[in-house]
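Just the one chain here, the form predicted on its own, laid out as structure tokens.
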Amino acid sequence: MKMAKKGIMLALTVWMGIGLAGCGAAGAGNTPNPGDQKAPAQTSQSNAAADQGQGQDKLLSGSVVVYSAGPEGLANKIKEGFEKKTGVKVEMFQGTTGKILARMEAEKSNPAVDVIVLASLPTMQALSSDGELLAYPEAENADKLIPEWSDAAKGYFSYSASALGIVYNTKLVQAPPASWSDLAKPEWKGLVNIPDPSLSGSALDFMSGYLSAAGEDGWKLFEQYKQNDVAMAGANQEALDPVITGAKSVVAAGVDYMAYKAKSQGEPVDIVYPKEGTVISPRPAGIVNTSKNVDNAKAFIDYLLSDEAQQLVAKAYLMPGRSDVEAKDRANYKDIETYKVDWQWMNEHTEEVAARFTQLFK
């Protein structure tokens, strides 16, 4: 089936609802194929203040509007660090990838956002292919990014990443599952959550990535999950919370940084990466081509890729996007067995995968 790339945005918009229209801007491995970059007209306005070393050689002032798919604590620290370094005010809306796309669609006639930070690489690839992003080839430290995760044409930059694994309650589970297929066994019946891919970009990356590697037969695993009473349980945190409290034992396709953070806070959870492999979900950032604050948006991208912000990423239990920065107290990307995913296939089939999965788990 020929898929329109914008279908990803439209499908998620339908799921999330158009009621976000009245909201303001402030608020809460294989190489990807980024598609053909269009060259949209730049609609920037130069801003004025002292150059804060962000690589722009321009004076900065005013504000920048950022829509960020979290995590909330990290997003707030990045906001504070950028404001302190540049004097530019960040007006930030935080939500899931689905909520961000819904908001962008609702605001299409009067765009407000300058920079988007998503939790799904294929979704950002689709926006890039549709010419909705502004290339920034001069981005500082972009040459240090892990190339498999970012756009060679510098249309988007994966400043961090998470991996999907099996998160389990250590009080309830003494022998954690070693394979994705284990969760279809009778002993796990009714004890497993899985995030909703219409609400979680990283969960959607896992499902589409797994299917890109396994082919049509990969659906058998998800059908077995359904038969074993695996519950589709909201976005990532909603899927994890019942495991923390003991109402459920396991999250399939759980986001690893959430598990590491909960564990560091004394919660009875841990994570395993299945022996056959998993999917790493990069978290890309890009400048939209309708940005009214392009200089500030470029400075924000530079900050995301800076030494300071990359250390903030590592402290938040995410994998840094730069190959020269390692995370501590968690597995790094080179330590995790991954599927040989086809990012282009994922880009083209994301809408289909999300729709079919949610229909299966209704």
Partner chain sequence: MPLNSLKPYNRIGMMLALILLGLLIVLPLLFILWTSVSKGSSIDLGAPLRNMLEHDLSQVLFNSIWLGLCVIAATTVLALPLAWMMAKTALRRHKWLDIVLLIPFMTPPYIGSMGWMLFMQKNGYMEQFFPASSAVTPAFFSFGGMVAIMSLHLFPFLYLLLRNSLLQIGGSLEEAAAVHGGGFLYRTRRIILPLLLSGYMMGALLIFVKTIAEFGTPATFGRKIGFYVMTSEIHRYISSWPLDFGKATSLASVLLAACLVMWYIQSVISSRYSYRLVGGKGSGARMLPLRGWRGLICWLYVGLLLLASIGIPYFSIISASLLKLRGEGLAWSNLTLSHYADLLAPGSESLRAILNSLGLAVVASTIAVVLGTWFALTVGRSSRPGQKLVDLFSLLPNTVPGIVIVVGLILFWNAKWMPIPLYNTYGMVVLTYVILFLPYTVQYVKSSFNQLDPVLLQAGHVFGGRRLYVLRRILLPLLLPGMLAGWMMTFTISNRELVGSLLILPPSMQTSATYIYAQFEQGAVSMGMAMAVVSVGVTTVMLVILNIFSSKQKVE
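Numbering follows the first chain given and starts at 1. These numbers were taken from a predicted model, which means no experiment stands behind them.
If you look for the form predicted together with the partner chain, you will not find it shown, but the lines that follow are about it.
Participant: If you check Val167, Val230, Val279, Met258 against the partner chain in the predicted complex, which one has a heavy atom within 4.5 Å?
Facilitator: Selected residue: Met258.
Participant: Just to be sure I understand the contacts: of Ile146, Ala139, Ala112, Ala184, which is the one whose heavy atoms reach within 4.5 angstroms of the partner chain in the predicted complex?
Facilitator: The residue in contact is Ala112.
Participant: Please pick out the stretch from 104 to 112, 154 to 162, 175 to 183, 205 to 213 that is in contact with the partner chain in the predicted complex, where contact means heavy atoms within 4.5 Å.
Facilitator: Selected range: 104 to 112.
Participant: With the cut-off set at 4.5 Å between non-hydrogen atoms, does Lys85 touch the partner chain in the predicted complex?
Facilitator: No - in the predicted complex, heavy atoms of Lys85 and the partner chain never come within 4.5 Å of each other.
Participant: Check Val65 for me: does it contact the partner chain in the predicted complex (non-hydrogen atoms, 4.5 angstroms)?
Facilitator: Val65 belongs to the contact set for the partner chain.
Participant: Consider Val272 of the chain shown here, and say whether it contacts the partner chain in the predicted complex, taking contact as heavy atoms within 4.5 Å.
Facilitator: Val272 lies outside the contact set for the partner chain.
Participant: My question is simply whether Gly81 lines the interface with the partner chain in the predicted complex - judged by any non-hydrogen atom within 4.5 Å.
Facilitator: Contact with the partner chain, no.
Participant: Do all of Glu223, Gly254 and Val341 end up near the partner chain in the predicted complex, with near meaning a heavy atom within 4.5 Å?
Facilitator: Not one of the three qualifies.
Participant: Give, in sequence order, every residue of 71 to 101 that has a heavy atom within 4.5 Å of the partner chain in the predicted complex, or say none if there are no such residues.
Facilitator: Residues within 4.5 Å: Pro71, Glu72, Asn76, Lys79, Val90, Glu91, Met92, Phe93, Thr96, Gly98, Lys99, Leu101.
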